[in-house]
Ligand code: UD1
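Only one chain is included here, represented as structure tokens and corresponding to the form predicted alone.
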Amino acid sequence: MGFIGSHTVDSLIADGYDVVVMDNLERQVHLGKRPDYLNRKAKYVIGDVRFQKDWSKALRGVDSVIHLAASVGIGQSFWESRKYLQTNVVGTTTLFELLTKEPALKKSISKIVVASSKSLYGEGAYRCSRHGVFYPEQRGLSQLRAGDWEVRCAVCGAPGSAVGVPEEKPPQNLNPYSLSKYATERLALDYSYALGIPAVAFRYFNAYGPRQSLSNPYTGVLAIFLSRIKNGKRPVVFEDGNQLRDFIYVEDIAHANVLALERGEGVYNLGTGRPSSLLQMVTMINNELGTGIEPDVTGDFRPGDNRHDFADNMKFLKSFGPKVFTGLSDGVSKLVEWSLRQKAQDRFSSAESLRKKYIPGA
């Protein structure tokens, strides 16, 4: 019933699928109520992915699974790591344990699609003009405390230029959330091999669009910026705001999830391959709202953050066919238009207080 899930349900039903949805109505996301955008043609089961009985109920008569349930957010995962690991890792394990123990159920499932995350890469991929492409280690605290934000070549020390991150880049998992998503991905692939059920794991880059919670301070950065601006407050940008990210519109992700029921196997980046800076995104949101609220560029940093990343999506395009991704200006326009009818409870400051209490940056 969440952000990406609800769009995926809409796409499935539009393509003629019968859909069963399991969700626990996480209060941090839904504020304790059922969202008004639910597709009435789907069947809904209130359940928790950590419990086998709930999976058993939801999987009756099902022939494929798109598993998107997860606790999300990098910062919060440091001080609520048990919750993240239980939901994301134990929840996924519970699904595959059930399939292992119930042969008839295993036989009925023809495909499993799971949501992984680009955050498992840690730092992105870079090119040195002298030494070629390299995959750097996490930036050191002494470098960050000095306000030296850019990634440098380990051989010559020259600043690296960001390039698209390919799937073969080794994971770094700089925070508990990333680790939990990597575990979700690996569990799907390991059980796929053991049980003979084809699986796809999509490493989502920065998803955005309508239905993204404007009151959850651990959701996507565009929704956080938008919530701050709607409340007349300056959006907070860490480091210098020139970090590059790959923003992918939610309906593009939903369509890929549905297509994966028929195509692909293994791990794929799911991003546009087109990077934008955080400062550019603040400007774009202001322009759409007709506001001019300047960002608060703090010069602070957060452990677990990386400098630049965007997708090398050639593997996805090769397996799933040519794709025209929603343009960023069109996608942001749709997000802002939707937000005008929504309430936004700005909880960023309270989340930042917790972050500074548990994992201060500088």
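Everything numeric here is computed off the predicted structure, so don't read it as measured data. Residue indices: 1-based, along the sequence shown.
Only in words, not in the display: the form predicted together with the ligand, which the text now covers.
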Just to confirm, Asn269 within 4.5 Å of the ligand in the predicted complex by heavy atoms? no
In the predicted complex, Val221 touching the ligand (heavy atom, 4.5 Å): yes
Can Trp338 be called a contact residue for the ligand in the predicted complex at 4.5 Å between heavy atoms? no
Heavy atom of Phe78 within 4.5 Å of the ligand in the predicted complex: no
Counting only non-hydrogen atoms and a 4.5 Å threshold, tell me whether Tyr121, Lys169 and Arg274 all contact the ligand in the predicted complex. no
Given that the partner is absent here, state which listed stretch (148-156, 202-210, 94-102, 183-191) has heavy atoms within 4.5 Å of the ligand in the predicted complex. 202-210
Contact assignment for the ligand in the predicted complex, among Val165, Val114, Ala260, Val72, heavy atom within 4.5 Å: Val72
Just to confirm, with a 4.5 Å cut-off on non-hydrogen atoms, which of Leu278, Ile285, Val89, Ala254 contacts the ligand in the predicted complex? Leu278
Which residues from 236-255 come close to the ligand in the predicted complex, meaning a heavy atom within 4.5 Å? Val236, Val237, Phe238, Gln243, Arg245
